[in-house]
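Before any questions on binding or motion, here is one chain by itself as structure tokens, the form predicted alone.
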């Protein structure tokens, strides 16, 4: 086959939307199998990612294997990865559940001759194919620009609060690449663009919405002039939103959520959440499969592919052009 960019060809053929992507021509000469290991199988974000990946697999005539664990935890994910390596797929797409604990398990795949591409999250610094460090062996990282997403969340929250007051970040725990970067971007934008907003200490909730609710009330008790909270993932935001309601501060303390499953529509309409930053997970899955296929067929691929965001609030949640980015289940 003449060398060409399969990635560009597929992009030209496909119209990538929130869930659906279509392409009329399959390029596959041989039957490849591409494994997709999500952060967890039950989250609407990863379910939507799978749909995008399946659309690309169907278009290219490859087999997609989707397998993962029920929770976002390296202890759960590593055995799934080991079992997948034993199956010897043509390539592995994975959302690593820890930046460091997945390095050696993924090295086993690489040493077994199975190309690795990380999607959504990364290992090491996320800078691959540099020849430096012990975690640069994956071929590519395909994800939202989470630093940019955090900055967009900061701007949305600042606008909702009127540009002044106290805020904090409700986060999961340190060491998760995506949420770390969202917090980084949020704090950077607040410091650079909104001098009248004070960012308080981050509260880590271990992905427990009840804990996030309690933390909101504790922060509010110490800071009665609290005006906003950024949930670096959906559980953090919903927990904080419940805490706002329990404190009787709905409308006074604004809540920005990262991610947008179908439930976010009701959450925005009822005021539990004021703004949601929607990623485009179908695009991540789609480009993951296309990139793996391109590599397997002897083509070069970008080391990094970024996908976009859509900001959703009461003013546009009913707009079909916006609603299509709400994650499906």
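Numbering follows the first chain given and starts at 1. The shown structure was predicted, so the numbers you read here are calculated from the model rather than taken from an experiment.
Below, we refer to the form predicted in complex with ligand T6T, which is not included among the displayed structures.
Of the candidate stretches 174 to 182, 191 to 199, 243 to 251, 81 to 89, only 174 to 182 contains residues with a heavy atom within 4.5 Å of ligand T6T in the predicted bound form. Of the residues given (168, 128, 72, 220), 72 alone sits with a heavy atom within 4.5 Å of ligand T6T in the predicted bound form. A residue is said to contact a partner when one of its heavy atoms sits within 4.5 Å of a partner heavy atom; residue 233 meets this definition for ligand T6T in the predicted bound form. With a 4.5 Å cutoff on heavy atoms, residue 279 counts as touching ligand T6T in the predicted bound form. Proximity of residue 43 to ligand T6T in the predicted bound form: non-hydrogen atoms within 4.5 Å are present. For the chain shown alone, residue 99 is not a contact residue for ligand T6T in the predicted bound form, no non-hydrogen atom being within 4.5 angstroms.
Of the residues in 248 to 266, only 259 comes within 4.5 Å of ligand T6T in the predicted bound form through at least one heavy atom.
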